[in-house]
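What follows is one chain in structure tokens, specifically the form predicted alone.
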């Protein structure tokens, strides 16, 4: 039985003298919602296009459902794709758009009608209401659903999604995130989702690959990526993080804010200590690291307050419940546990 839907083994791709991706090694399981996350220009879309067969690698191999497809053209790969631009046909109605791939495959008309109805229901579009509507009669979210239904209609082994929510407003994007996860669980198809938006990746994914400058920095579950980032880039890119330069001293670290206890040292003499804002506790003296600070800024975020607190020359961001009261220029004690500090080589 095939365990992996997609396998990339040492895949590299260059354009002239520019290496877009290098030595990419991925194993994406069947039925997994897998996200490729990174900043613009990091190589995310190149990886997606290599999987789709829209590009061929200079080095390495690609397997889909256990079969070698490195140089197989896209029309011979059982892969669906949803683009940010959606690429729906404006001259065709909803039914015709969803049915397009099936007609190309010369599927019998009765089966096409049945499959289109099924796919529209999966994406929560009532076939009776929407089948005959033109694309320009739909909202952005409805068009998104039609694009997903069209991609699912051909029953792909893998569905590739290239920043499909990028053009939607915040509320609609949040709604479509939960819808995409629901759809993926319903159809049990492998989804590979490319995004630069960390919240999308954290909310929807079973696992995430964080990519930077053409290389994979870390692969893990959302919790692993957030709680135990493997590199300073991952720590900085995922969520918010405070960074404090320090040097190893007497079994701990010495920095501008003073001596720090940490649970792990990595062997480097000069390091950077990373601490999430929510790990910093205020008004608690029973912690491994406690310092006197002055609050410089208070911002109300609904259930939380976002604070900026200065310790000597270092300004730290903190998150605390909004039922606590703090004011600018207030003197406070703050601190964190040794286990909550992550140490990276400087």
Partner chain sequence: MIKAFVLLIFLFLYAPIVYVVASSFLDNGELTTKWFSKLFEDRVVINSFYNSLSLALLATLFSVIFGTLAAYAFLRTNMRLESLFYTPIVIPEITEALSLLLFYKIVSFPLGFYSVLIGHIAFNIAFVFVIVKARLSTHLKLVEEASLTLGANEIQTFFRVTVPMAMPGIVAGSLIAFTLSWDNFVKTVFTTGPGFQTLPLLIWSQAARGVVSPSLNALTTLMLLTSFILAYLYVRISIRRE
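Positions refer to the first chain, counted from 1. What you see is a predicted model; the values in this text were computed from it and never measured.
If you look for the form predicted together with the partner chain, you will not find it shown, but the lines that follow are about it.
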Answer among 82-90, 228-236, 202-210, 118-126 for heavy atoms within 4.5 Å of the partner chain in the predicted complex: the stretch 82-90
The one option of 281, 30, 49, 317 with any heavy atom within 4.5 Å of the partner chain in the predicted complex is 49
As a check of understanding, the residue in 182, 114, 269, 103 with any heavy atom within 4.5 Å of the partner chain in the predicted complex should be identified as 103
Report whether all of 74, 136 and 151 sit within 4.5 Å of the partner chain in the predicted complex, measuring from non-hydrogen atoms. yes
request  = Examine residue 54 and determine whether its closest non-hydrogen atom to the partner chain in the predicted complex is within 4.5 angstroms.
outcome  = yes
